[in-house]
Structures are given as structure tokens and as C-alpha cells.
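Same chain, two versions here, written out as C-alpha cells and called structure 1 and structure 2.
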Structure 1
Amino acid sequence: MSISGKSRIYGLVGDPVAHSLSPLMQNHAFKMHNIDAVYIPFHVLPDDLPSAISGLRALNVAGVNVTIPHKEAIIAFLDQIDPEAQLIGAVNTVVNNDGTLVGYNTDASGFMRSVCTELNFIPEGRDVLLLGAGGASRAAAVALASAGVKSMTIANRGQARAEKLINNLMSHFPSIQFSAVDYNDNRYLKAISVADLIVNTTSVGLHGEEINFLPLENIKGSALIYDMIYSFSETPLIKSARSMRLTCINGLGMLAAQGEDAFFLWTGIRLPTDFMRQFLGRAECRT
């Protein structure tokens, strides 16, 4: 990589950032498209977020990705928020338009492209079940609702959080049947048995834990399972689902697709289908 006096600077704002695959992906894309730009990790602690954003403006950083724990907090410091990111309540991509910082959410579009292309999911008229009601769930819920699913059940340990999420969505998507349940609710078992798509948005599985609140034997054989946890090896959920011959994937495709969409927002260039996913595949071979 050669950096010139004209190089544009992009980066990742988060805490932690050391584990992130985004610098590898984005720098690869810049290089392959001969773009004079560099993408660097910025480790920003929560208390430093306001000054970090001022720094982005002062240093004319062209754009950033935003990750845990700043995706919601950053909204207050930006000049404009894309309507979908506003509805999700989280920003993962910022574009610096000549000093105007605009926030977007490419987790939603990335999830949707991944689930539709990798699992051949057709959202219109489908019944979906989301496990979890945090930020990742909000992105998936808005994406699926915008794409026209018929019904959406959001299950969470704490039902109140799922209810809050659904109350927010109901006014925007009045034709969708929403339900909020906890894992002990009979309606949860019913939702498992009818769901065309089940998405794990919880953090369970991140450290190799089993999801003990999803009885796979109740899932219909044609259902698709999406585990948002990304991993080069099988997540516990994917391993169990495969052993029951269910169709399933983990979140690597979403990671790749949200990166492709951020790259498009920054450069106007649509990367070829699967560009980032194939790169991650090659990175996997080297690990």
C-alpha cells in the first residue's frame, strides 16, 4: 500500500477494534480498485466519542465504520441520519460530505442481501422469528419488515425489550403481524413451528455456547436458519442445525455485505457480487 499526500482516510471507530476484519476487507477493496485511500482502526473509548467525532471533522476523515459500543451513541454527534438508520436507532457507517457527517446503517442492507442471496430467502409473505431484541435484532427487524414479511415474532429473555422494539415498528409497518414473546411463552413454540426464517441475533454462541432456548426439533424442515454470529468455523447453532439437515448459515456473509455497502457509500463503486465474501474466504484459508 502506498500513501500519498492526497490519500483519503477511512477507518473504524469502536472499542475494541483489534479483532476487526474490516481494515483487511476495505484496504483490499481500495487496492483492487486503485483508489488512493487507506482504512485504519481507531480505538475510541466511550468517554472519548465526542472528541473523536470532532477529530474526524478536523482531520477531514472521509468516512468511518462504527462498531460496538458506539453505534447508538454516535447519532447525537452527526449532522444527518439516513431514515432507515434513524428507524433502527443505530449507525454503522458515516460519510463525510465536505464537513457534513451523514450516518447510515449498512447492517440492515447487508443482512438482507446475505439472507436473500445465500439462503435464497424470499421475504414477501413469510413468517419470521428473531431471537434477541438488541441492536442487531433492530437492524434485521427493520430490513425484514421493509422487505414485506407477513409476520414477525421477536423473542427475548426480557420480553419488555422485545415489546419496546415491536411498538416502535408497528406504527411504521401496520400491515405486518408483530408479536413479542419470551422463551417460556407458548406463542414462542408456535412461532418456531411456523417460521420460514429464524434469525439468531443474540450474542449466545459467540464463545462456543449452545443456544438452549431454541428446540430445533420443533422447526419445520423447510425453514431457514441465520446465525448472525460470524465465524470461520461452524457456530454451535449451525452445527446442530446441520446435523438436523436444516438449511443454515452464519453471519460472515452479512459482515462482507455490510462492508460492500459501506464501500459503495464512500466511493460510489458497487463491488462485484461476493467480492468481500470471497476475500474473507481466502483470509480464512490463511488463518
Structure 2
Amino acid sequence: MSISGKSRIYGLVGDPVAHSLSPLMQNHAFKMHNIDAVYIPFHVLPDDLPSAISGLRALNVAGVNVTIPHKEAIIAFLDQIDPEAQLIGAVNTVVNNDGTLVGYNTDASGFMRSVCTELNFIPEGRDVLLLGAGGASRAAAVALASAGVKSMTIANRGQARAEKLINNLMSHFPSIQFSAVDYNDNRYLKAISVADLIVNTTSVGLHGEEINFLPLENIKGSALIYDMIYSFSETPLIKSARSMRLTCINGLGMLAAQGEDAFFLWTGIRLPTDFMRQFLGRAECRT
């Protein structure tokens, strides 16, 4: 990689960022398409987010991805928000248009491509359960609702946040049966038992911790499990689910798909289908 005074700078804003595979795959895409650009991680603590966004403007950073815990908070510091990102209430991609920072959300499209192709999931008329009510959950909820699921339960440690998310969605998707529950609610166990798709949108498992609020024995055998946490090694949820012969995948496919969409927003170049997923697959084989 050769950096010059003309190189465009892209990056990732989050806390943490050291684990991220985004620099690996985005820099590969720049290299393969002869784009004079570099993608680097920016570790930004929550209290430093306002000054970090000012820094992006001052340094003329061309664009960034946004990850936990900033996907919702960053909206207040941007100039424009894409309508879908506005509905989701979270931003994971920012484009710097000559000093105007525009927020987008490619998590929704990336998640839907991944869950439908890798799990052969057909959303129409299905019952889904989302764990967590943060920015990633918002993206999955909008994507699944737009695809026509029958019912959606959002479970969170603290029901109020899940209720707030559902109240926002109900007016846009009146035909869907929405529920907000706490992990200690009996309705949560019922939702687990009937769900056709269960999605972990929380960060639990990122550092190897067990998801002790998801009793796998309550899940029906035909259910599909999607763990948004991505890793070349099995997350505790994936490992436990596979030991019980449940169908499950991690978030590598979503990471790749949302990254391809972000790359298009930054460069105007549409990458070949599964370009980044295939690259991550090759990288995984080398580890």
C-alpha cells in the first residue's frame, strides 16, 4: 500500500475497534480497484464523539463506518441523514461530500442479503425474535419488517428501550404484530419457542462471554439463529447452538455485504456479488 498526499482517508469509528475486520476487507477492495485510498480504525470513546466528528471535518476524512456504541449518537452531529437511516434511527456509514457529512445505514441491506442467502430464510409470514434494541437491532427490525414478517418480538435488558423502538415501527408497519419484552418476562420464553428466526444484535459474545439470557433448550429445532457478532472463530452462541444441531451462522456475511454497500456509497463502484465475503473466506482459511 502506497500512501501519498493525494490519498483519500476512510475509517471506522467505534469503541472498541481493534477486533474489526473492516480495515482488512476495505483496503483489499481499494487495492483491487486501484483506488488511492486507505481505511484505518479510529478508537473513539463515547465522550469524545463530538470532537471526533469535528476532527473528521477538519482532516477532510472522506468517509467512515460507524460501529458500537456510536450508531445512534452520531446522528446529532451529521448534516444530513438518508431517509432509511432516519427510519432506522441509526447510522453505520458516513460520506463526506465536500464538508457535508451525510449518514446512511447499510446494516439493513447487508443483514437481509446475508440472512436470506446464507440461511435460505424467507421472511414473509414468519415469526422473528431480536435480542437487543440498539442500532444493529433497529436495522434488522426495519429490514425484516419491510420484507413482510408476520410478527416481531424485541427483547432487551430493560423493556423501555425495546418499547420505544417498537412504537416507532408500528406506524410504518401496521400489519405486523410487535411485542417488546424483558429477558425476565414469561412472554420472552414464549417468543423463543415460536420464533422462526432469532437474531442476536447485542455485543454479548464479542469477548467470548456466554449469552446466558437465551435458553437454547426452548428453541424449536427448525428455528434459524443469526449471531451478528462476527469472528473467524466460533462465538459461544454459535458453538452452543451447533452442539444442539441448531442451524446458525455468525455475522461475517452481514459485515461483508454492508461493507460492499458502504464502498459503493464512497466510490460509486458496485463490487461483484460476494466480493468481500469471498475475501474474508480466504483470510479465514489462512488463520
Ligand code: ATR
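What we label the rigid core is the largest C-alpha set whose atoms superpose within 1.5 Å from one form to the other. Counting starts at 1 and follows the sequence of structure 1. Just so it is clear, the structure is predicted and the values come from calculations on it, not from any experiment.
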Deciding between structure 1 and structure 2, tell me which is the form predicted in complex with the ligand. 1
So, between structures 1 and 2, does the rigid part that carries residue 82 also carry residue 129? no
Whole-degree angle by which the smaller rigid part turns once the larger is superposed between structures 1 and 2: 18
Once the core is aligned, what is the C-alpha displacement of residue 58 between structures 1 and 2? Give it in Å to one decimal. 8.4
Core superposition result - C-alpha of residue 24, shift between structures 1 and 2, Å: 3.0
